[in-house]
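The data below hold one chain only, encoded as structure tokens and taken in the form predicted on its own.
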């Protein structure tokens, strides 16, 4: 994103201060997110979709004399547009919820950690198209059974985030990111179609690991061609880093103070300090991890992003907090807030493992190696239907998955199956971690071994 297109946060704050004073408003804040996106999709060598868009989301909050909050949204940053947004938010504050009133984060003016995020000039959309066409062509050539790449995309984004308030906070961050997604479909005569994919992220389109994405998508797809049914039963399971991160993410309300206060979490106020998992399990949320492409240095309330211990030695240590939830718990905000009249709370980037730092150390049983295991062992590569198969407030899950049955040193793709269990039981039934932690788009995690999960094969 060139400097000519960026906002002047300090000037914007001065204008808001002047406009608010003219409307008799003494307490306000603003959160803005603006982006320019370009993306392409292809279908068998032809352009399927080429899209460019500019988006902006600007939220203004105003506190009245009774400390009630009103909120408004706008896309107009002119003086007239900002004045209208302030006026609407002021009028809406009369209807604010007196039982749940956010305030300024006490850390909204604290120093931020500097992130190493190089900015890249966007590539021409036709160049993106040619790059994706070539990636599709190479993937189709990897195996005679790969007939299509039905889901694919190459995208780039230039974005900007701002947080301002009447107490002197002035945050601004510029970013550029790029992503590549390839999902292949293979089919052999008399056999069911098999699919798998891969994704890569980078700070710019020229930095994307295109070859690695093609290789991974091809290898995963081909490995599922020779499939067989699995017998229903209980198995020792090994979750890939991506699959285990997806599972933990589906139950992130365990660590969410907003969910705790709303009564929709398995945790409660008394859960802190209690055992949640096996003694060698550590979980941190670290939005500042170098592998987190698109990391934010501050949250929706201006609180600095930080590395937070959620589980250490199997014990629940902290919750994710906004200003409002932190005030209720008597702690400091953790940098995980959105922005709104009722502020949301969410995780940034999980680190899972015996140290939480992506180190190669193992814990639990030693010598774990799913490739050499004599089985029977189920390797879960990816989970599906997380939106439908997870009951987060109850702890249960039943999810279709792609994976392999490993038995006597042989690995055979599983035709169709679901894995079911309870997240609390899973965290207690961990056997150990295998290999170094892998950096993924959603977090850092090694392979995770779990004892005695229920696998249901296709009837």
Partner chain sequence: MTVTTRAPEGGAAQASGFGNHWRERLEMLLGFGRSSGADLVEVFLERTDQLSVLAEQDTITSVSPAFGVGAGIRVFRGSHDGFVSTNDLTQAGLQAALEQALGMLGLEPIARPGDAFSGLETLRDHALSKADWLQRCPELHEATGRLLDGTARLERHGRHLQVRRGSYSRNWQEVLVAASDGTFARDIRLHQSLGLNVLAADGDHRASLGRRYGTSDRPDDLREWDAEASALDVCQSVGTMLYADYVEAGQMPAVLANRFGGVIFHEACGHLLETTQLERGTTPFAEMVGQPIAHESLTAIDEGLTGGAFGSMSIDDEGMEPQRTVLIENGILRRFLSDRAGEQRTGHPRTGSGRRQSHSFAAASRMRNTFIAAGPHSPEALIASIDRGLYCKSMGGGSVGPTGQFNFAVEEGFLIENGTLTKPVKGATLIGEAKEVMPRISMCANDLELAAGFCGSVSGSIFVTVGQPHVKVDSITVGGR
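Numbering follows the first chain given and starts at 1. Just so it is clear, the structure is predicted and the values come from calculations on it, not from any experiment. Throughout, rigid core stands for the largest set of C-alpha atoms superposing within 1.5 Å between the two forms.
Keep in mind the form predicted together with the partner chain is missing from the figure; the text below concerns it.
Although the partner is absent here, residue 168 lies well away from the partner chain in the predicted complex, with no heavy atom inside 4.5 Å. Among residues of the shown chain, residue 263 is one whose heavy atoms approach the partner chain to within 4.5 Å in the predicted complex. Contact annotation: residue 201 falls outside 4.5 Å of the partner chain in the predicted complex, judged by heavy atom distances. Taking the partner from elsewhere, residue 32 is found to have every heavy atom lying beyond 4.5 Å of the partner chain in the predicted complex.
This chain is drawn without the partner chain; in the predicted complex, the residue among 137, 185, 328, 143 with a heavy atom within 4.5 Å of it is 185.
For the options 125, 315, 225, 174, the one in contact with the partner chain in the predicted complex, meaning a heavy atom within 4.5 Å, is 125. Just one listed stretch, out of 207 to 215, 337 to 345, 236 to 244, 305 to 313, contacts the partner chain in the predicted complex at the 4.5 Å heavy atom level, and that stretch is 337 to 345. Of all the residues from 410 to 449, those having a non-hydrogen atom no more than 4.5 Å from the partner chain in the predicted complex are 415, 416, 417, 418, 420, 421, 422. With a cut-off of 2 Å and the rigid core superposed, residue 438 has a Cα displacement that falls short of the cut-off between this form and the one not shown. Comparing the forms between this form and the one not shown, the C-alpha position of residue 141 differs by less than 2 angstroms, with the core used for superposition.
The rigid-core alignment places the CA of residue 74 2 Å or more apart between this form and the one not shown.
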